[in-house]
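Coming up is one lone chain in structure tokens, specifically the form predicted alone.
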């Protein structure tokens, strides 16, 4: 359920300033989970332009007074697969968590893909209160008179405290965890409303950080939950990003650009010929192609400052990362944009015998890049007509 922030703050004025009603207090648990490497949205579509570390930090800063007192946690699975660029993301995420002063960050299955001798120094450097299945212990803190334990092991939940368990198990697989008051999962599932099991309130972080979860609890001095309200706040472009985290992301972009410049260029070859070669026989097709957005695909990256990000480049050029494919605008400008060979494939047999047709453009070919995340409105039948030539 999405609740307008103005209404949420009005609720907060009634509930959240830690006014004691008898022996009950109100506390917010602000949670994320299953961010899956999304430092910020790609911006390919307005419909998916939600999320990002800078917006999250901006939201927290703008509404800190109305949301206080709160506990800020991440339930894990925030990192992508281990790779040179992935390691740069580790640094950017941990810096961002430190700026936002996360109370606890869980290191789950995706984080465990990284070696401990790489992660541990960074966790220590940025002072991240980290929890994982492979380590023991829990994080203890207090908000007013309420004592809180945040753990990844259900055995760490105690009577007389408010227990928060972080996990990446799906909600339906938390049968043995019901001794904890709140269970936050980074399984990636969507739970618009909390899932209840015995005394546990189970919520899930919004996948890719498109939203931030806010679980408002009424608790007594013994940490017993007397009532709750769960809501999500969309992190859209109406939220002004925090400058400190924006600087972290800009530094990340600069490091990614250097990563490309320092990487080993795939061997040059005549594997990819480029649209100009195809136009020698198919000039009318080239003229038709020039009128499509495919012909300006790389320009769209330059417009948002992502022309040096491999995760973006791969769908805006020809053969990125492959032998003879696009490498950079300074070295292989003729292979920028989505050209003939990216859709029709590499068929040198056609060059030797023009009677042999090139690979047909099937739906599978398009879906390599026109994913649900990047192109939520993509319809193969309709969009194919826009590039016919």
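Positions refer to the first chain, counted from 1. Everything numeric here is computed off the predicted structure, so don't read it as measured data.
Omitted here: the form predicted together with heme C. The next part is about that form.
Novice: Since the partner isn't included here, can you check whether heme C sits close to all of 285, 293 and 383 in the predicted bound form (heavy atom within 4.5 Å for each)?
Specialist: Yes: 285, 293 and 383 each sit within 4.5 Å of heme C in the predicted bound form.
Novice: When the contact criterion is heavy atoms within 4.5 Å, does residue 289 count as touching heme C in the predicted bound form?
Specialist: Residue-level check for residue 289: yes, a contact with heme C.
Novice: With heavy atoms only and a cut-off of 4.5 Å, decide whether residue 146 touches heme C in the predicted bound form.
Specialist: No, residue 146 stays farther than 4.5 Å from heme C in the predicted bound form.
Novice: Consider residue 32 of the chain shown here, and say whether it contacts heme C in the predicted bound form, taking contact as heavy atoms within 4.5 Å.
Specialist: The answer is no: residue 32 has no heavy atom within 4.5 Å of heme C.
Novice: Does the 4.5 Å heavy atom contact test between residue 361 and heme C in the predicted bound form come out positive?
Specialist: Residue 361: yes, in contact with heme C in the predicted bound form.
Novice: Thinking of heme C in the predicted bound form, which stretch from 53 to 61, 328 to 336, 66 to 74, 40 to 48 has heavy atoms inside 4.5 Å of it?
Specialist: That would be stretch 40 to 48.
Novice: I need to confirm a contact call. Of 278, 214, 256, 152, which residue comes within 4.5 Å of heme C in the predicted bound form, counting heavy atoms only?
Specialist: Exactly one residue meets the criterion: 278.
Novice: Heavy atom within 4.5 Å of heme C in the predicted bound form: which of 251, 221, 82, 311?
Specialist: Going through each option in turn, the one that passes is 311.
Novice: Relative to heme C in the predicted bound form, which residues of 288 to 323 have a heavy atom no more than 4.5 Å away?
Specialist: Heavy-atom contacts within 4.5 Å come from 289, 293, 294, 296, 297, 300, 301, 304, 306, 311, 312, 314, 315, 316, 317.
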